[in-house]
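For reference, the chain that follows is the form predicted on its own, supplied as structure tokens.
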């Protein structure tokens, strides 16, 4: 049986679609979503900073990562040494020191940031970099993941992900390793723009 006949058989036997379940609304908390987001993000190993203007971010980038030579950012206002439009293969991004990406929203209950493929330009960028900086408007922080799913359009992109903290694992002899499968640090910049 050839590939085309297998795919045709799958298409013919595909079950009918079902509507997504209702997303419940949960009561609010005692602290604001921003305060909860900061608390949870820091607990997960992220550093939180604030910026009133995009120009501040370039200065933060130089102060936080003075040794960084390879900076990649699809955000036009960020000084980038790598032109992401010219990248043909993910292997060309293996030397990225810092990636600066604009996130869509933050989730207060777990300190996660929602990213999409279009925001990253290359879906590997937040994972291949040594250090990751995510920019999110402070006004885009929602209380829960349920609220986040009400706000994101999951079918509009080929790829989307929640990122919470730098990469870490402790599954071998319970020794914590930072940066095992991705970025060694995560800096989240809450923006006023």
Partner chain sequence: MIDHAEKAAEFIRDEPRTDWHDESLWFIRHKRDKASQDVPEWEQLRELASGIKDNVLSELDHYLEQFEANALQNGVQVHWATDAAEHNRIVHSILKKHGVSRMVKSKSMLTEECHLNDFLAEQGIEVVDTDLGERIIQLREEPPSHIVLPAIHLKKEEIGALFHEKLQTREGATDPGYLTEAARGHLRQKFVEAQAALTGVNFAIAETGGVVVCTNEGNADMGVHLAPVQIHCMGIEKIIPKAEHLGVFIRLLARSATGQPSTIYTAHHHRPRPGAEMHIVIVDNGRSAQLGRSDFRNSLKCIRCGACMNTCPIYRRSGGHSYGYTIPGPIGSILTPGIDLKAYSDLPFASTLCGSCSDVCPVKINIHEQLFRWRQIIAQEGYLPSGKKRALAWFGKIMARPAWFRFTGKVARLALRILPRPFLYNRFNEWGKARELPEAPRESFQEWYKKNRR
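Remember, predicted model here, so these are calculated numbers, not experimental data. Definition used throughout: the rigid core is the maximal C-alpha set that superposes within 1.5 Å between two forms. Residue numbers count along the first chain shown, from 1.
The discussion below concerns the form predicted together with the partner chain, not included here.
- With the partner omitted here, the residue from 154, 59, 52, 31 that has a non-hydrogen atom within 4.5 angstroms of the partner chain in the predicted bound form is 154.
- The single contact residue among 68, 64, 164, 48, judged by any heavy atom lying within 4.5 Å of the partner chain in the predicted bound form, is 164.
- By the criterion of a heavy atom within 4.5 Å, residue 40 is counted among the residues contacting the partner chain in the predicted bound form.
- Of the heavy atoms in residue 128, some are within 4.5 Å of the partner chain in the predicted bound form.
- By the criterion of a heavy atom within 4.5 Å, residue 90 is counted among the residues contacting the partner chain in the predicted bound form.
- Contact annotation: residue 94 falls within 4.5 Å of the partner chain in the predicted bound form, judged by heavy atom distances.
- Residues of 2-16 lying near the partner chain in the predicted bound form, listed in sequence order, are 2, 3, 5, 6, 7, 9, 10, 11, 13, 14, 15, 16, the criterion being any heavy atom within 4.5 Å.
- Once the cores line up, the CA of residue 20 ends up 2 angstroms or more apart between this form and the one not shown.
- Superposition on the rigid core between this form and the one not shown places the CA atom of residue 170 less than 2 Å from its counterpart.
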